[in-house]
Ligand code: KQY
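The form predicted on its own is given below as one chain in structure tokens.
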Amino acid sequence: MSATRQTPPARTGFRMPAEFSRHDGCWMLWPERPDNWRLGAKPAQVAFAAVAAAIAASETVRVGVSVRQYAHARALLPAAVRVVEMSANDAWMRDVGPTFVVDAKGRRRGIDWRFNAWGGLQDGLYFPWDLDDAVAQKVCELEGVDRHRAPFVLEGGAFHVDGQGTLLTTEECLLNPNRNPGLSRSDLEARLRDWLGIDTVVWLGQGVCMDETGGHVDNLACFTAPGEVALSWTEDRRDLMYAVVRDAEARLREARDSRGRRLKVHKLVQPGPLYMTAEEASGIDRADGTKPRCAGERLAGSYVNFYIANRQVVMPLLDAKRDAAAAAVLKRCFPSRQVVGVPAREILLGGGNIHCITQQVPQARSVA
């Protein structure tokens, strides 16, 4: 049985490695709630299975599935994917699962952030969220690692690290009082240092427009290598994202990472804009306590929301006019990895994308 620790991990030599470091595996959850996923989540399940299959080509994938969906998920997922019975409120493993940290001795631990459905009773997307808040502990138990229960709210999609001491995040998300009222920017920076082992925070402003998470950075920008960042981009002056991405670019150009380097920015053209159709909206059940989804709503589409596997970069296919251009940029960013596209509109309709539904388990023996 794994132990629960209260001491911040960095105080005992642990830090979060970059996503582009070597993994021992990846965790996901299975979608099923009909008030978030259309048509009883059947189309989304096909998309999730395709993501799991793509990642499983280079690392072990484990998928948490409710007892109701276990047999169906087992039949739909490839044999190489491990299916584990696990209850959850929805399927966003990046935000409800543990963030893994490692130390120089080859040990691995999991951070269990407090979760309030991206805003609690004020702005949260659904209620209750108690099953989600228990997922990280379950994953730590199954991985056999000690768990650090954090005393504050944070989601895994709200930050991205380079593995060398630098962290990316947004003011829109972390400074929103619906997460940690009373904590200042400096308070949050201190907690990020203590819990993730970083020493430099690069603050971006807003996240992607209409992002239900309240501006998660993993939909806007991410590290592709030490000193290099992929940034969602548009040249359309009429687009709501035009000012957002230019502000982000200016901040990235001005920033220095933990080793004093200027950041190289790779512009990743955004899809669309994309909108929910009337047919798509009609397939989603209405329920008390859940954010309704309506026809005509803009979707927070972004090619930055990809997953870096050991030998692949698994990217969302969202716009036939721009998928190939986005894949070409990612290939330049990751020349040693195969870029694999997975049709991902069904995931986007639920409020996120490939990075949001995955959580890497870093290899503790290699933390570079």
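Residues carry their position along the shown sequence, with the first being 1. This one's a predicted model, so the numbers in the text were calculated from it and none came from an experiment.
Unshown form predicted together with ligand KQY; subsequent notes refer to it.
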### Query
Closest heavy atom of G25 to ligand KQY in the predicted bound form, within 4.5 Å or not?
no
### Exercise: W233 in contact with ligand KQY in the predicted bound form, heavy atom 4.5 Å
no
### Message
Test of understanding: in the predicted bound form, would D162 fall inside 4.5 Å of ligand KQY by heavy atoms?
### Response
no
### Task
Tell me, yes or no, whether G157 is in contact with ligand KQY in the predicted bound form, where a contact means a heavy atom of each within 4.5 Å.
yes
### Query
Can you pick the one in V202, V145, L125, M86 that has a heavy atom within 4.5 Å of ligand KQY in the predicted bound form?
L125
### Query
Hey, of 267-275, 90-98, 251-259, 185-193, which bit sits against ligand KQY in the predicted bound form at 4.5 Å between non-hydrogen atoms?
90-98
### Task
Pull the contact list for 338-356: residues with a heavy atom within 4.5 Å of ligand KQY in the predicted bound form, in sequence order.
G350, G351, G352, C356
